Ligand code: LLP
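Below you will find one chain, with nothing else, as C-alpha cells; this is the form predicted on its own, and questions on how it binds or moves follow later.
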C-alpha cells in the first residue's frame, strides 16, 4: 500500500502528499502539492505556466456551508460574478442551485450563456447601468435591480415602459458603516460612490412607487469587501431593518433584503474553519432580521472561490543586487494584479518541498514595472531556477483582473474535480490579441 503523509494547506482542496525520497537519502522526503487528487507539478508540465488551478470540491463545499448556515430563513445565494466570471465556474455555481449578482451587461450575458433559467435568480447591482444593459436584463426577466440614484431610476422606468415590462427594484442604501478594510474595497461610507443615504432613499422609494412599470420590492446594502469583523454586518443590517419598518409604514411592500457580500478570507497562514466562520456571519446577519418576514439575498464571491484557486509559476532566474535577493518568475502583474493594486498578501509555497532551508527574497515578474511583484522581503523556502511555486488564494479577483500589459497573453485556467483536470480557459496567444486590432497600411 502506498505510503502517504499529508500536510493540509487549504482543505478540502490543496494538500501536500508524501512522494518519496530524493536520490538515496531517506532523510530528505519530498512532499508534493496536490489539488484534490491531481499533482500540480504534473499539471504544470502538461499545461505550462503561469497556470490558474481551481478546486471544484472547495467551491461546492462553501456553497453548501452557506446554504446550511442560512437555512432558518428564506434566502437566495447570488454568487458575485465579478469575483471570478469564467464560464465553467459559473456553470458549477449554477449547478449547485445558486443565483448570481452581476454589475454589468457582460456579466449578465455570461450567466445567460451558462444557464438562461438562472435569470430569475439574478440581482443587477452597480452605479452605472446603461439603457442597453437595462434592456438586456428586462428581457431576460431578472429578479431585482439595485438602484443607486434618482437618474438611474428614471432611466429604468423609461426603459421598462418602452419595453412594456415591469421591473422589481430595491434601493441600495449607504448606511455609513465602516467596513474596516482596504479603502479601495470599502463602499459603505458617505464619501463612496455607492448607494444613497437613508433619508434620500425614502424619497427614491416614493418616486419609484409612482412609476407603473416599477415594483418596489426590497432594500439593498453592501458595505465593502474582505470584511472579517462580522459585527460590522450586524450593524449595517440593523440600520436596514429600521428602514424597512419605516418603508412598510409608508405603504411599500418590502419583501427582499439584500445583505450584499463582503465576507473576507484569511490570506496568511492557516485558514480558519469555514463552517464556524459562516455560522458566526449568519448569526450577525440573521439577528436583526428576526420576525421581519423578509427573503434574504446574499452576494458572496471571494468567500466562495478565493481559497479555491492557486496560480502556478516557475522560477526563471535567481538574482542578487548587493544583499537584495530576487526570484524572477514567469507570472506577472498582468496575471495577478492584487499585490500591485492593493499591496495584497498571498502566501507562496513550493509545489515540491524537501529542504527546510529558507531565505528572505522578493518574488517578482518579468513585466517592465517596479510594481510587478508578488512578495517583498518574504521568508520563503529556498528555491532554485526551474522550481515551481504556488501562489495561494487567487480564485477571486485573480484571472478576472488579468490584462495584456507588455503584450502578454492571459494565463490558462484549469478546473480540478477529483482526479479529473479540465482546461476551462486556454492560454491566450499573441495571435489572439492581434486578431482584435486593425492594421493600417
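Numbering follows the first chain given and starts at 1. Quantities reported herein were computed from a predicted structural model and do not represent experimental measurements.
This next part talks about the form predicted in complex with the ligand, which is not shown.
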item	value
In the model of the complex, the residue from 80, 174, 313, 334 that sits within 4.5 Å of the ligand by heavy atoms	80
Residue among 218, 301, 99, 365 with a heavy atom within 4.5 Å of the ligand in the model of the complex	301
Non-hydrogen atom contact residue 222 with the ligand in the model of the complex at 4.5 angstroms	yes
Partner proximity in the model of the complex: residue 401 to the ligand, non-hydrogen atom cutoff 4.5 Å	yes
Contact flag, residue 309 vs the ligand in the model of the complex, heavy atom cut 4.5 Å	no
4.5 Å heavy atom contact, residue 195 and the ligand in the model of the complex	no
Interface segment, criterion being heavy atoms within 4.5 Å of the ligand in the model of the complex, picked from 315 to 323, 197 to 205, 132 to 140, 256 to 264	256 to 264
